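Just one chain is shown here, as structure tokens, and it is the form predicted on its own.
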């Protein structure tokens, strides 16, 4: 069993509403553009497919998409919207989806949901097993904002809005982190939730990919192709399975 937190039915039911900013066209369209180009004429497999934020518009572009998802309630939410998208409920480090794919992708920090290095290495190996020769693996993952940590501080905010405040606490030795979320309800009360993750350095990702037999292709700071710098707090990485 994966070390991942498992999203329950209540979290799954709220997911699209609370993540609405990630469904905005200026956020989502560039990601779908890149993934559709890499998939080409072949099918795609999304690890941690969730409620279909990316899979649905990618399917609408003509790319057949299948998924692996640890949470049955999240898969149920997806199938309420699009029952035609096949999902295997299981651990993305070990579960098998039928078929061979030209693209395997995991987006919006979901690789961090598996919280041990061994499981993350296994996730790369599982992605490679699903790939056709010449196919691509894509990982979108945050880069820890350690430059914003003053000495002695263990938390850094990642979002401050009128209805939501979030911050991450990080253990710099173990690379374990927790995202803390506070939502203000309309009646003035506050709901709290937390999720756990393991952050991964870009160089560590490349080593995991190499262990899986993949070749590095490129890394950008976002889906629009901005260059990665020492200030970047996210990265979109692409590797290729040799033909």
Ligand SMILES: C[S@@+](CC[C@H](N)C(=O)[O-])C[C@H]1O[C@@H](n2cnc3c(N)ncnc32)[C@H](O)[C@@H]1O
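Keep in mind that this is a model prediction, so the values were computed, not measured. Residue numbers count along the first chain shown, from 1.
Not pictured, yet referred to below: the form predicted in complex with the named molecule.
When the named molecule is considered in the predicted complex, only one residue from 114, 138, 97, 131 comes within 4.5 Å through any heavy atom, namely 114. Heavy atoms within 4.5 Å of the named molecule in the predicted complex are found in one stretch of 171 to 179, 214 to 222, 40 to 48, 197 to 205, which is 40 to 48.
A residue is said to contact a partner when one of its heavy atoms sits within 4.5 Å of a partner heavy atom; residue 92 meets this definition for the named molecule in the predicted complex. In the predicted complex, the named molecule sits within 4.5 Å of a heavy atom belonging to residue 110. Taking non-hydrogen atoms only, residue 31 never approaches the named molecule to within 4.5 angstroms in the predicted complex. When the named molecule is considered in the predicted complex, residue 2 lines it closely, a heavy atom lying within 4.5 Å.
Contact annotation for 196 to 221: no residue has a non-hydrogen atom within 4.5 angstroms of the named molecule in the predicted complex.
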